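Only one chain is given next, in structure tokens, and it is the form predicted on its own.
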Amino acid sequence: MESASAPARLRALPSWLLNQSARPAQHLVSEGLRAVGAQRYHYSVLAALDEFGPASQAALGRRSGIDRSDMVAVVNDLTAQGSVSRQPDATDRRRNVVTITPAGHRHLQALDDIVNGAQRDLLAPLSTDERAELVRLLGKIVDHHAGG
């Protein structure tokens, strides 16, 4: 359904509007990352490591919203490209600690540029103030529902 021709009662629903805006958002980000051989999961893991420091694969999965079954493949990808290192935890040999490498920091900066470009494209019809307000309001919704 083309959103401009959607019934007014749908266009008045925040849930419908969020869903409709999520489609181009995901497309823009995914296509930008795919162009350089990256995935959204790669970006999420590198961002979590950059912000919070070394972590177990389980903690990384929780922080970045990646299922445990997918996390091994993501860490394998990032290890193969030299963006992270994975070492057994010194206190618990059953788990691995993942650390971002200097190459991973450089890769994350390049991915930041791509993701930020996708955000600019997505939010092109909004002013700078409107963009900031949208991010604030969406963050408020996400934070409210995060505990539930």
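Quick caveat: nothing in here was measured; it's all calculated off a predicted structure. Numbers for residues come from their place in the sequence shown, where the first is 1.
Here the subject shifts to the form predicted in complex with another copy of the chain, a form of this protein not shown in this document.
When another copy of the chain is considered in the predicted bound form, residue 82 lies well away from it, no heavy atom lying within 4.5 Å. By the criterion of a heavy atom within 4.5 Å, residue 86 is excluded from the residues contacting another copy of the chain in the predicted bound form. Heavy atoms of residue 112 reach within 4.5 Å of another copy of the chain in the predicted bound form, making it an interface residue. Residue 38 falls outside the set of residues with a heavy atom inside 4.5 Å of another copy of the chain in the predicted bound form.
Taking another copy of the chain as it sits in the predicted bound form, the stretch 131-146 comes within 4.5 angstroms of it through a non-hydrogen atom at 133, 134, 135, 136, 137, 138, 139, 140, 141, 142, 143, 144, 145, 146.
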